[in-house]
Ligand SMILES: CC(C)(COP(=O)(O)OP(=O)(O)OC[C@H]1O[C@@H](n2cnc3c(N)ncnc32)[C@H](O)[C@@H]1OP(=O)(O)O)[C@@H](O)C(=O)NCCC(=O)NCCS
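Only one chain is shown below, in structure tokens, and it's the form predicted alone.
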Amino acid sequence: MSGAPFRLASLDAGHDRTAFNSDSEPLNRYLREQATQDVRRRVAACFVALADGSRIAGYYTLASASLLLADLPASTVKKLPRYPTVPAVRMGRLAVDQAFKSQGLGGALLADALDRAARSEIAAFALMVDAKDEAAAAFYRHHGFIALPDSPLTLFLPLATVLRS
């Protein structure tokens, strides 16, 4: 719909969330009804891609998390300290408005999330996601994410790989 570049910003009360329409009603409802509360309670940070100055074209959320060492692939575990868990950043939600599909916005939002997580002064080993279905998992695998051996819809990307690229 729009060829204009997107501007990324933290979600705030001034952003109109009512027109946002992804292909997922739960993700639409979250943005309309829950995101502001989660930000205010400091349980998630929400970032929006704005088109045409103020229209929300897409969004994602980040929150602190941890990964159980025992759940990670053996090749990853051998490189980590033997703590029961390792710190991570969870990307809880990622959605693009249908009017902005096929413009690379999903990948751009993911890249921004990875950059924010990697640049944080608070240590985290990986960015992790819980894919809603196999198509979403394929999107993350395409971007280098690794599925947990026993939970193929939970994927992670070591942030050290982001810092190297």
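Counting begins at 1, following the sequence as shown. Nothing here was measured: the structure is a model prediction, and the numbers come from that model.
Below, we turn to the form predicted together with the ligand, even though it does not appear here.
Contact with the ligand in the predicted bound form, defined as any heavy atom within 4.5 Å, is confined among 65-73, 41-49, 120-128, 106-114 to 106-114. Using a 4.5 Å cutoff between non-hydrogen atoms, A35 does not count as a contact of the ligand in the predicted bound form. Among heavy atoms of A99, none comes within 4.5 Å of the ligand in the predicted bound form. The ligand is not drawn, but in the predicted bound form it has no heavy atom within 4.5 Å of S10. In the predicted bound form, at least one heavy atom of Y140 sits within 4.5 Å of a heavy atom of the ligand.
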